[in-house]
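So this first bit is one chain, no partners, the form predicted alone, shown in structure tokens.
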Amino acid sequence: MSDRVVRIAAGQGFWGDWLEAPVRQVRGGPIDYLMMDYLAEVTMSIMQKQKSRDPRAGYARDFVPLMERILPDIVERGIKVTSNAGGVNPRGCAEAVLEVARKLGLAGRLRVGLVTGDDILDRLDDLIRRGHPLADMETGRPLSEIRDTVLSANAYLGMAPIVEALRGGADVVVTGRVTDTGLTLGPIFHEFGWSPEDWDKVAAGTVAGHIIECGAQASGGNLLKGWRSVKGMADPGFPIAEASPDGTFVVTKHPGTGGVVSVASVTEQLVYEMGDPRNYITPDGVADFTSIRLRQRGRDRVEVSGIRGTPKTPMLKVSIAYFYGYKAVGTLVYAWPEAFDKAKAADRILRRRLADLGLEFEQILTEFVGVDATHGRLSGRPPADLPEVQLRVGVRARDRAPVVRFTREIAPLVLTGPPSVTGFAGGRPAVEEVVAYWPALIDRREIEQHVKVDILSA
């Protein structure tokens, strides 16, 4: 058995993650791949709205300046990059990366793989007409009920197009809605030449991808057990998966960086968005999380082994976002003495005024930050005399007008309600559009799983 190891480093866990992480991963020690994950369900709808206003937008703009910083290092060290930063405009993202490469004088030394095919927004009417209901997985309602309000629709692709791009010689692979795990799974399968029907290997690579997909959340960030003992979080080391040909891998980080890689940190990331532990479903296969074995193999080194998998399902998940209505959230801070009582009184007054105006809301939600906003009823009775309490009131309605009126009613409480308001600044609350999530399934035969891959030369 070969002792060869492939190192896949996490560089971003979401759109807005620490901008220094990719730079430090590339320069901090040996890696073979840099994986950068940008997409969440709501992110796709935000990108689609951006693209509707500007056809050149629709991708993670942070990705391009980051690549400008690290492309010379990537080319010099032979590191390859996989990222779903392309969002709903992967071609625009890939072209922006190539433009940066030209500016850096890397023409002819860098090739960018472009993965498309996940965006099915323009195909929805045809799919519905041909008998694909794209029903909400939670309610069973057919998509036709809200078709006119749909903002984005993207099928989750797996590792196949990434493998194809890498085999075609891509140094940087830019995708749309490829699964978080696929960004790691693709490089592993490309390097080891595993069969895509070796379900245990698929499961192993999937688990590796799941562990590092959220960046430093697997290496000490957001750690519940023993968080006080985690040192150096001003300079956290992002996780690296060291994959071996037998399907085992080690989770680690660069030496000298902050954070910690432990059985506890890896376990907490494993249960993140896990669902049924025996059936973690991806486009590539199904992983059994109950088969995972973790073992500490030294400082900041956790071995992961024993992973079992089963065949992929006939369906792919589709992430659909649609316009639902409007919302606004306003806050007031009440100071000691009797801060909680003042906040409760202000809430009663505000609700009475809204009712007297005849305004109709789908929901009015009140939270008392410092009392019950995080744990609700679990917090029990608050201390008798809290030093301060933030009143946070949110409203949601299908129409914009009542939400606008709410934003004009909360500020007057400063002078027409209980005393000692502080912390009110910035003007009236903003009215925001509500983007709702509609998860659906589609027959995978309707999606070009291998997709079209363009290798664009700089």
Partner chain sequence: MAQRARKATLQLRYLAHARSGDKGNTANVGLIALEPDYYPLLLREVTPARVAKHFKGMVSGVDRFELPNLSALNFLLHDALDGGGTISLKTDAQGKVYSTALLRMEIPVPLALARRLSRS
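Positions refer to the first chain, counted from 1. Since the structure is predicted, the reported quantities are computational estimates derived from the model, not experimental observations.
Although not depicted, the form predicted in complex with its partner chain is the subject of the following passage.
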Checklist outcome for this item: If we test each of 296, 313, 267, 310 for a heavy atom within 4.5 Å of its partner chain in the predicted bound form, the one that passes is 267
Checklist entry - Pick from 225, 129, 352, 231: which has a non-hydrogen atom within 4.5 Å of its partner chain in the predicted bound form? => result 225
Next on the checklist: Contact with its partner chain in the predicted bound form for residue 434, defined as at least one heavy atom pair within 4.5 Å: yes or no?
Outcome noted: yes
Next on the checklist: How about residue 324 - does it come within 4.5 Å of its partner chain in the predicted bound form, if we only consider non-hydrogen atoms?
Outcome noted: yes
Checklist entry - Does at least one non-hydrogen atom of residue 167 fall within 4.5 angstroms of its partner chain in the predicted bound form? => result no
Checklist entry - Within a 4.5 Å heavy atom cut-off, is residue 199 in contact with its partner chain in the predicted bound form? => result no
Checklist entry - Taking 217, 289 and 367 as a possible spot, do all three reach its partner chain in the predicted bound form with a heavy atom inside 4.5 Å? => result yes
Item to check | its partner chain in the predicted bound form: contacting segment from 94-102, 109-117, 141-149, 217-225, heavy atom within 4.5 Å | outcome: 217-225
Item to check | Partner contacts for 44-63, taking its partner chain in the predicted bound form and a 4.5 Å heavy atom cut-off | outcome: none
